[in-house]
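Just the one chain here, the form predicted alone, laid out as structure tokens.
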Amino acid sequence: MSDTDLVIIGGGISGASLLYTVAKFIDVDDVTLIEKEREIAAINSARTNNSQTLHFGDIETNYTLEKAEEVKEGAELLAGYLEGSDPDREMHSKRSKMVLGVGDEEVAKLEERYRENGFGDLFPKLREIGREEIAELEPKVVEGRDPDTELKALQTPDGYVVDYGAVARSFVDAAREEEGVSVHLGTAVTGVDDRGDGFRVETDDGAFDADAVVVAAGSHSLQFAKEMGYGEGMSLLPVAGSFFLADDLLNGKVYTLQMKKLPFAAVHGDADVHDGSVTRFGPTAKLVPALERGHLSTVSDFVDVFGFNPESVLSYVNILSDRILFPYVVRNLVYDLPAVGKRAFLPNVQKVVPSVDVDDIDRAKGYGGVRPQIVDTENKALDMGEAKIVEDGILFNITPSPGASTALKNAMRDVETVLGFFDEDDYEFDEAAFRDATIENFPRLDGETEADGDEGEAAEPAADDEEVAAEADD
């Protein structure tokens, strides 16, 4: 039996970010991280299982301005950490990124977004570029394209490509430098009991008594919550993301415009974080009845979360019968079929790189994770809000999108929640030191300040403007 002030369940980017923030910037006596895998960030945060994108909101065209304002600060916190902690770029690379408009209609949308909707003001480094500049940065994007087709992009140098698994391990290593930090790997949590004056966390390697608990286990967070009687009006729509691979085609990230009313991430192409000779295209988004990809044991975990009650079934029927979503789901199932799949996906690739042929791409084996999307079973709809459940002394973090990009911002918010679990004035968060170690290192243009574009708390976006975490970051 071990006693601790705080137990964090889950060693992905979210749990690791919280451990780092608590250990380094709160004078807590004892904090414990428990991870069921034998290494940190082995599942959704692994570099092959997400888009490796640090989302700022500048080229994500399914973000409202309010959503972009919210995401921007979170991305700058993580980018600042990388700038200060990874000068040799072992955990990240920095490349050009752009969102590409093809044809008169898409070009007009980009111009409106940049000039009239406020994105040009919010992101000072973002700029409009035409065919010639696009060709200079990304020759393959222009090569072989009809010269009469209108072409424009919104481009920025802040294209951070991130190995989120390596970042999570960096957070844990930094936390371990502090006294009172313990990390238990290969340790599965079998249950969490509320004892009234604290919690007992049962594992396959003994029990831990804690004053407070944070469950940061992705899809499994809702499973733990339901086992404790919470989250009854919620279910999950697990979405598996996949990629296709090609040879060296792109220098940076090239996004396409988001399809209207689709909550899933738009297809994009980019070079792998550790291997610039490999270009990834995706993600696809396939619904799967499991909480982890390739782990059949998590099918029963999905059953626990889904419940197979009338409310959950009717919610799925209502969501999947949408006239825009249903064809999208079917298309993504086709992408998984041998031979036929990559031919069906090819037009998505050719929108980015017109000269690509079907023989140039192959499905990436062993790539892609599962992202949870919350289902509101009372309203029979997807819930695009923040996926957290807060009860007395315990927090369930189901990782809202884009969870990896905003991991440090989520950690900062979760810290405030956790401090409320303890007696007043027991502990204090040194936010100034936290910002010094993170966002203060973010490179800005002359005259640009941290507060630019981040005045006030951003409003929650409308449901059809949010992004499901199928992209990742997850």
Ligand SMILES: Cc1cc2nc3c(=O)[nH]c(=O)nc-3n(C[C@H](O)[C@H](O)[C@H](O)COP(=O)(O)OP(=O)(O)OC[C@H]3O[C@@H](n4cnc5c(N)ncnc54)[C@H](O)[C@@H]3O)c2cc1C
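When you see a residue number, it is the position in the sequence shown, counting from 1. Just so we're clear, the structure is a prediction, and the values are computed from it rather than from any experiment.
Missing here is the form predicted together with the named molecule; even so, the following discussion is about that form.
Heavy atoms within 4.5 Å of the named molecule in the predicted complex map, among the stretches 402 to 410, 415 to 423, 24 to 32, 431 to 439, onto 402 to 410 alone. Taking the partner from elsewhere, residue 187 is found to have a heavy atom lying within 4.5 Å of the named molecule in the predicted complex. In the predicted complex, the named molecule lies farther than 4.5 Å from every heavy atom of residue 19.
Among heavy atoms of residue 243, some come within 4.5 Å of the named molecule in the predicted complex. The named molecule is not drawn, but in the predicted complex it has no heavy atom within 4.5 Å of residue 68. With respect to the named molecule in the predicted complex, the three residues 9, 44 and 53 uniformly fall within 4.5 angstroms at the level of their nearest heavy atom.
Proximity to the named molecule in the predicted complex, defined as a heavy atom within 4.5 Å, holds among 77, 370, 141, 305 only for 370. Think of it this way: in the predicted complex, the named molecule has a heavy atom of just one of 81, 345, 224, 208 within 4.5 Å, and the residue is 224. Scanning 157 to 183 for heavy atoms within 4.5 Å of the named molecule in the predicted complex gives just one residue, 164.
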